[in-house]
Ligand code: ADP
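Only one chain is shown below, in structure tokens, and it's the form predicted on its own.
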């Protein structure tokens, strides 16, 4: 029997190539060897996204993005978090086994408190309970489906450690394994994708290249990538260039080696290097863009895919909740 992998993505904006190479592509590769359950984390998004039209649009766009990237809903259970009521029942039960001190240590909450302190505001200014308790909801997302592994980057390991702590607290109390304790599958091989300004590609930095940008927009964005002042004739270090780091994501090894040699030999300006990046990126992203646009034209079909995924997910979720309720003495059947 295959082990179970689970991951979710918040629909808080357009997908960009950092999302694709840092999360979507590795998750789809993981699904070849695992029984995969992947979901749209729309209730997590509610902490920051309050506009209903924007929320509905982002949910569909993120779902269509995963499908366009190659997710097969016949092989992966693919659903909306909000379609699984057991997520919230389990969250309530887990709250009873989660200390406030654990929540105080969550990275997102600590960052919000620090930002408030730097501005001289009340420590909890702007902090809603969704943000404060999001690690419990995340633990419920993971534990509900008996997940063995959750693929994460190094900066997200705390999320899984908290889920482990909460599940272990439940199991310790009832003196048996009521809940499966998950582990993090740390993706060391996933490179940090640089943005237009050289920092990590992130919507919060405004330095992203949208995954499904039209060809003209894609080229315009590539041409905006920040470079140094080296002239055309000067040799350049490919490993120090974010243009080359992005190129490596799209080009096969032999093309990478050939472009690296041109960097080191001199005679190639940054404009030409950007053109090479655009050609390689468009070659990969063009087919994804076409599939995405086709999927988005049939919203009823897209919604049906998510609902069918929820129908597969609900019996699994219900079994976990029944197990917990029985252990807690709430159900005696």
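Positions refer to the first chain, counted from 1. It should be emphasised that the depicted structure is a prediction, and the values quoted were computed from it without experimental measurement.
Only in words, not in the display: the form predicted in complex with ligand ADP, which the text now covers.
- Interface residue among 23, 310, 316, 321 relative to ligand ADP in the model of the complex, by the heavy atom within 4.5 Å criterion: 23.
- Among the residues 211, 222, 201, 170, the one placing a heavy atom within 4.5 Å of ligand ADP in the model of the complex is 201.
- In plain terms, the part of the chain that comes close to ligand ADP in the model of the complex, with a heavy atom within 4.5 Å, is 201-209 out of 251-259, 101-109, 223-231, 201-209.
- At the 4.5 Å threshold, heavy atoms of residue 192 reach ligand ADP in the model of the complex.
- Interface membership of residue 153, defined by any non-hydrogen atom within 4.5 Å of ligand ADP in the model of the complex, is confirmed.
- Looking at 1-35, the residues that come within 4.5 Å of ligand ADP in the model of the complex, counting any heavy atom, are 16, 18, 19, 22, 23.
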